[in-house]
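One chain is shown next in structure tokens, namely the form predicted on its own.
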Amino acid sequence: MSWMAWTLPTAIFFAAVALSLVVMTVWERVSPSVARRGVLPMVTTRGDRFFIALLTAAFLHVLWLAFTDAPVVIASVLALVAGIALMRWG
């Protein structure tokens, strides 16, 4: 692992994603998801919405870094709000 310059924020990010995937897997095993149609233009399951929320967060951060010099924590808060909205109503 010496080929990558790991920093604490990077390690926390990847640990959080891994933990989220474990939690989603356990949740799916305990309570299987039902496909439904929300505000997204397709039928999705809980896992689909989580994946779309992760992609949305990545795109929001890339756009934030491309177009503003403001702190990235603002983009993180926006991504969290968007992720919660996607999981709830997506």
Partner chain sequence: MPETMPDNRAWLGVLPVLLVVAFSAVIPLMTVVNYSVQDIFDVHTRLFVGFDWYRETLRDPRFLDALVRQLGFSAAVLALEVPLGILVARALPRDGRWVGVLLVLLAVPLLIPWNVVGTIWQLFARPDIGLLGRAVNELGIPFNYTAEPLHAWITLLMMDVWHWTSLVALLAFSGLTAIPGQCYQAAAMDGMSGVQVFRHVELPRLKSVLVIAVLLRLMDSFMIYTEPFVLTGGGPGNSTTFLSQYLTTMAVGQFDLGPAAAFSVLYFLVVLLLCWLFYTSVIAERGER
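All values derive from a computational prediction rather than experimental measurement. Numbering follows the first chain given and starts at 1.
The next section is about a form of this same protein that is not shown, the form predicted in complex with the partner chain.
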The partner chain in the predicted complex reached by all of Thr7, Leu55 and Leu65, non-hydrogen atom within 4.5 Å = yes
query = Applying a 4.5 Å heavy atom distance criterion, does Met42 contact the partner chain in the predicted complex?
reply = yes
query = Heavy atom to heavy atom, is Val34 within 4.5 Å of the partner chain in the predicted complex?
reply = no
query = Any chance Leu19 has a heavy atom within 4.5 Å of the partner chain in the predicted complex?
reply = no
request  = Decide whether Val72 counts as a contact residue for the partner chain in the predicted complex under a heavy atom distance cut-off of 4.5 Å.
outcome  = yes
